[in-house]
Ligand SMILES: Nc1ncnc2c1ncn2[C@@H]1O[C@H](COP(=O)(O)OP(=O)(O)O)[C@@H](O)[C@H]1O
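Below, in structure tokens: the form predicted on its own, a single chain.
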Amino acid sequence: MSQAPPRTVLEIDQLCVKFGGLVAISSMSFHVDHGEIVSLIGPNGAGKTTAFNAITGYLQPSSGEARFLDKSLNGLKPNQIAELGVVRTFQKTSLFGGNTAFENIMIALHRQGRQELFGSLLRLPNMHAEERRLRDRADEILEFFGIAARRDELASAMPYGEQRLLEVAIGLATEPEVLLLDEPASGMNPTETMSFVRMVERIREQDITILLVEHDMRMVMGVSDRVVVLNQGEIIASGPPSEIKHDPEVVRAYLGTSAPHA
């Protein structure tokens, strides 16, 4: 019996982003299938974060389209795209620094709370049960990311590597179908990075598809099913890590920075 073909959850079709006369991304096309970890890599200024911004509504593409489960994301606001199930993190941490780690997770979970507004206002009995469920879930997520000991610390006071983990934890709390991680290992030491690689694999095991932008090539080559390489706004290569790290165009693109290595 033949296996069903993989289901594409995110499709980027000839996406183009221009800033005045500058072409930041030129006719970019790639897809991400359900359950995959796909990395988008390239030298500084290649257009990776611009691509994330266009996919998640922070920029509107000049032409082309981003689709989630065949639904166009063009013209939607970031919060509308997140509500569909496409959630992102940022290069720089975007936490509620004056709130504790636990409160940061609760804020994300409350956005996903299943009770209707009137239930919240009237404080119906089942609302108390819902609140307990959310608090338990917040503690589970902190435990999952290994930062439960920081539960009651202000996010701004946490070590930077743990702040990065907290931001991904917030993304997970929104129960996404696709999680876009923008340089999540930035600022982490090698030990923290390898621990995060295992964390990404565990997130995938929760039936979450991942699109990753990351400069750490050891991480990219170790965790990705496929790698898409951008250079000067154009895709120059796409395929499994074993092919990408030996691709002559990719090596040329990285000369002067850091060529990919296993």
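Bear in mind that the values here come from a model prediction, so they are computed numbers and not experimental data. Just count from 1 along the sequence shown to find any residue number.
Another form exists, predicted together with this ligand; not displayed. Remarks below refer to it.
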*Just one of 218 to 226, 36 to 44, 191 to 199, 204 to 212 has residues with a heavy atom within 4.5 Å of this ligand in the predicted complex, so point it out.*
36 to 44
*Any chance residue 253 has a heavy atom within 4.5 Å of this ligand in the predicted complex?*
no
*asked:* With a cut-off of 4.5 Å between heavy atoms, is residue 49 one of the residues that contacts this ligand in the predicted complex?
replied: yes
*asked:* Given that this ligand is not shown alongside this chain, does residue 24 nevertheless sit within 4.5 Å of it in the predicted complex, heavy atom to heavy atom?
replied: yes
